[in-house]
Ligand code: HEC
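One chain follows as structure tokens, the form predicted on its own.
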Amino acid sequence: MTPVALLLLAAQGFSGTASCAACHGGIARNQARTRHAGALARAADGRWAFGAGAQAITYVSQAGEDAYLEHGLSWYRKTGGLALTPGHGHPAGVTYPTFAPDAAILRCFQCHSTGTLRLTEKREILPAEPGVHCESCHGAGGAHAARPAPGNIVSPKRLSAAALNDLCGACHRMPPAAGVATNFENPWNVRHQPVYFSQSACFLQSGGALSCISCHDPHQDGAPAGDSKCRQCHAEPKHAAPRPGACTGCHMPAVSPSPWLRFTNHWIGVYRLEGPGANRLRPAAQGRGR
């Protein structure tokens, strides 16, 4: 079966966020206010707006019956204006065939929405629910809504750390497979959190305990778990002098691949941040893990 067919069939059995909220109202209301939930929306001019706007929004529109255009200019919160879309070299944008073998544009819509993608008579892509909601992570909930039971819904917290990171990586970019070359010196790769996180000693030595949700609550935005999470394993950090601020400021330093964007480096380690040899992409030394 082709990637296109797989994507169109993968969401069968979804029941919609309203059915989840019938039993999980508080969680559903909190999740509806997150950046995940705002990952896709219709702009006032009818274009699709990809991104909740915490840092940027990229626009996509249909370009004929068999193609979609990713516009070459994105809106950036830092400036309140437009500039080149990440990865683009020209404001004219990039055109993607709707039915390309790699299903690129379909995958974009699927990762930024929930449920079944539908094609209209004019081959316009219509998501069932714009934005990332309950069933993006918990799987199709039709059977669970009809007869709630732990065994007929996905519970990410029951997954191993590696499996959960793969679940997040399905949209946030998968960790590199063994033997696959990855350019860790490319600052744009830092925005794909599982890629760098998978390399850190804190993850590798955690015995399957450290995952994305160890620090991030998927049901609400806000600051991730602070130093208390780090001190579960690093009770007595060895510093030559007292260090102000949170652990993440030094051990997960921010990287700006462009003047308008800033991402936290999830390759946890000891970095040289100033002077000759300073690097915010690869740690000078790995953290101790457990």
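These numbers were taken from a predicted model, which means no experiment stands behind them. One rule holds for the numbers: they count along the sequence shown, beginning at 1.
In what follows, reference is made to the form predicted together with the ligand, a form of this protein that is not presented.
In the model of the complex, at least one heavy atom of C20 sits within 4.5 Å of a heavy atom of the ligand. For the chain shown alone, Q62 is not a contact residue for the ligand in the model of the complex, no non-hydrogen atom being within 4.5 angstroms. Within 4.5 Å of some heavy atom of the ligand in the model of the complex lies at least one heavy atom of A241. Interface residue remark: C233 is counted as part of the site for the ligand in the model of the complex, having a heavy atom within 4.5 Å.
Residues G51, L164 and A225 are all found to lie within 4.5 Å of the ligand in the model of the complex, as judged by heavy atom distances. Residues of 262 to 284 placing a heavy atom within 4.5 Å of the ligand in the model of the complex, in sequence order: R262, F263, T264, H266, I268, G269, V270.
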